[in-house]
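In structure tokens, the next block holds one chain alone, the form predicted alone.
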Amino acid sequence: MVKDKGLVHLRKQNVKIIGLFKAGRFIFPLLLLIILAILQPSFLTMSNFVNILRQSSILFILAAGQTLVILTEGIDLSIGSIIGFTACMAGSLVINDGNNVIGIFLAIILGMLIGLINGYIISHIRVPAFVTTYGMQILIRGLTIAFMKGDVFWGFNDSFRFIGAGSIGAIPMPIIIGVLVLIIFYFLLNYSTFGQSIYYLGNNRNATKVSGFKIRKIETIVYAISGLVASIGGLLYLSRLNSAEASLGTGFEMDAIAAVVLGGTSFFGAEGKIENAIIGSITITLLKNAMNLLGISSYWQPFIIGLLIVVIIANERAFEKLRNLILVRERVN
């Protein structure tokens, strides 16, 4: 009888933790909205909300690729450098040759190629994702610095700027492209064999292999997609910023990871939805706005975001241990 009461108590705790964890995804951004509205009453305007969605859309595109990677229990730390490298290469062509199409095409191909290299090293050579993508981050950033030689490209033509700063009607282009990415990734994860294989791989690598899935191919494609969407996000950011330099994209990988985990995607694989990355992206955007309004130095902002990631992952691990404890107690009883 005592055991039964203890089991019921643990189950109630489990339900409460799940409820709080899920509710927190919505409560946190609402609290940020309230804080921002108090600090800056003009914050609650339609134009400002559109601007927030514009910023969040670029982050969401980066987070979409990171979501696929994290679902396989991996991580991609190279996307910030991919953004910088591909944007600078595209910017060089647009400025020097005035060829938008070739510049955009080159950026996307380079992003996907770097992702393919990441995926091949991780899946075939079996180098851990953290080591591979961190090494690639340094390597690609070094290439970008060598290519730029301290130069800055700025003043792009109007047609190139349209993709990041233009709009169709009242809807900014980054939001439109972000919605397209959401639709594609939603159907990919929910209605395709490849999408289901990503969840299987993140849940149990050996079982996925035994089931006949080509796990090396899956991993390689996932990192290629991450590199591809990173280059798209970089092009949007470049177009909106209207300048390119070697440091472009620095720290963006941390923002993307934070958006993914804030959206509820598990760092331990196989659990999460692409649409939740929208919540995480908006939350990070609001958090940065709040920190700026509070006068928090830009030097400390990455620390705060990093701390947030650590806290979320620690809570997630604690939740996993509690859930496993309940399962053990259920088997015993």
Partner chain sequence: MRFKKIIRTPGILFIIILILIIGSFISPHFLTLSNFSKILYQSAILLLIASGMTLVITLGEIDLSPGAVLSLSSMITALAMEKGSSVFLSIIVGLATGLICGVINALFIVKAKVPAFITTFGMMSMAKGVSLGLKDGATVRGLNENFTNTIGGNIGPIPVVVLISIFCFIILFVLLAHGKLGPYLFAIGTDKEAAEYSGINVQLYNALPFVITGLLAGVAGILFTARLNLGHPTGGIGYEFEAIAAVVVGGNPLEGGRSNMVDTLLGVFALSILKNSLTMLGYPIWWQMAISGLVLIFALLVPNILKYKLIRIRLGDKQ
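Positions refer to the first chain, counted from 1. This structure is a prediction, so every number in the text was calculated from the model and none was measured.
Form predicted in complex with the partner chain: not shown, discussed below.
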TODO: Considering only heavy atoms, tell me if L294 and the partner chain come within 4.5 Å of each other in the predicted complex.
DONE: no
Task: Distance check, F267 to the partner chain in the predicted complex, heavy atom within 4.5 Å - done: yes
TODO: Look up in the predicted complex whether L182 has a non-hydrogen atom within 4.5 angstroms of the partner chain, and give yes or no.
DONE: no
TODO: Find out whether any non-hydrogen atom of L307 is located within 4.5 angstroms of the partner chain in the predicted complex, and reply yes or no.
DONE: yes
- [ ] Using a 4.5 Å heavy atom cut-off, indicate which stretch of 220-228, 83-91, 128-136, 170-178 touches the partner chain in the predicted complex.
- [x] 128-136
- [ ] Let me know the one among I108, I75, I163, L116 whose heavy atoms come within 4.5 Å of the partner chain in the predicted complex, would you?
- [x] I75
TODO: Name the residue from I95, M112, I104, I121 that puts a heavy atom within 4.5 Å of the partner chain in the predicted complex.
DONE: I121
Open item on the list: Just to make sure I understand: among 247-261, which residues lie within 4.5 Å of the partner chain in the predicted complex, judging by heavy atoms?
Closed with: M254, I257, A258, V261
